[in-house]
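Below you will find one chain, with nothing else, as structure tokens; this is the form predicted on its own, and questions on how it binds or moves follow later.
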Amino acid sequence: MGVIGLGGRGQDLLQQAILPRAEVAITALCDRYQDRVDDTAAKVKAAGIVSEPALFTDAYACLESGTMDAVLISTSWEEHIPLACRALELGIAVAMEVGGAYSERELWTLVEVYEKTRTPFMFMENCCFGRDELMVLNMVKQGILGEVVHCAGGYLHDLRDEIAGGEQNRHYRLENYLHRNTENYPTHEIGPIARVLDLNRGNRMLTLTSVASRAAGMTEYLEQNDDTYPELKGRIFRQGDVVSTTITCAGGQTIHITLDTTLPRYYSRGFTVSGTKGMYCEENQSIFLDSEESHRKAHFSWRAQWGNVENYRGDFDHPIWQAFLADEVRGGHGGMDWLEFDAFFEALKSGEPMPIDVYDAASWMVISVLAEQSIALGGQPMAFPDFTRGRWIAH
């Protein structure tokens, strides 16, 4: 396997989710910055790896070097799809990190290249492997929450320091926040929601409406830290502080996702599933079931039930997590990173379809494109392209 993109995310995945696997050899490392390449190579050597990987600063030369069967692409967002397409053309299985897209055309190209080559491709949305997300999915499939009619979630994470430090840390978010106004990171909860609502598998997203608040958070943050980030003095940020997106589905369900990354706040993904028999709410780690008399009686004093999700682990923990917890817990973001790479490597070895495929990637990533257009047009509804070309109906 090769790894292209050796910033924080690439190095973290390499060390926590890939290097510990004896069956995977790291044969190539690439980043446009030589110091990152050298640093990562030293860490690979320190991990006791006998063979030394080939080192590159040119991603396309890396892909064309003939050194790998598979590649992790963890570069800046705008480079994901072109690199993935080239890898697919070369017959290299792709594990592509998440982010939003910049145009529908590039997503259609990704789908078309995959359909032409049939080279394995997986979109590495780790939140699809979160313990609570999978437990709730298990409950939905067993009918415990009834018919699901609405889901919500988002990326609610104070990233002001990461964004402001973009030039020093060579981080791609800075330029995106300066120049774009969109739902730029939609997949963390769209991924788990897609599983709950069977998106691309009997259901699909139809329309999207997005609105954005004004962009004030980064301006104030930089005024308070002008000595730390003098290079950003006077710069104007286009990215709204809070972006709210509402999606309608062919099955009649609605989805609401929120991007909130430039204001002071606690971390949350806000995962919420509402059905005719009950609901799950990540914000207070609780499950409300209509069948539980104690829940109905406590609906005005629900605070006492916060955290009751633990009461349901025994009955509804997903089999993936039951097996994982019975073994040594490993690998990044509480185990989500390890489990997503388990799924990638198992699909590669077995020849089975990837659990998060190219059609998922395209339909989730296009949210950034549609949201940018909707916001620019004052919240006008935008139609989702059907990247499956109707095949979602047959599932």
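One-based numbering along the sequence shown. Predicted model only: the values in this text are computed from it and were never measured.
The same protein also has a form predicted together with a further copy of the same chain, omitted here; what follows describes it.
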- Item | Contact assignment for a further copy of the same chain in the predicted bound form, among N138, S213, S76, T119, heavy atom within 4.5 Å | S213
- Interface check vs a further copy of the same chain in the predicted bound form: of E162, E104, D241, E292, the one with a heavy atom inside 4.5 Å is D241
- Query: Residues in which of 120-128, 254-262, 104-112, 198-206 have heavy atoms within 4.5 Å of a further copy of the same chain in the predicted bound form?
  - Reply: 254-262
- Message: How about G270 - does it come within 4.5 Å of a further copy of the same chain in the predicted bound form, if we only consider non-hydrogen atoms?
- Response: no
- Message: So, P385 and a further copy of the same chain: in the predicted bound form, are they within 4.5 Å at any heavy atom pair?
- Response: no
- Would K277 count as touching a further copy of the same chain in the predicted bound form under a 4.5 Å heavy atom rule? yes
- Query: Hey, in the predicted bound form, does T246 get a heavy atom within 4.5 angstroms of a further copy of the same chain?
  - Reply: yes
- Heavy atom contacts to a further copy of the same chain in the predicted bound form at 4.5 Å, residues of 279-293 in sequence order: M279, C281, E283, N284, Q285, S286, F288, D290
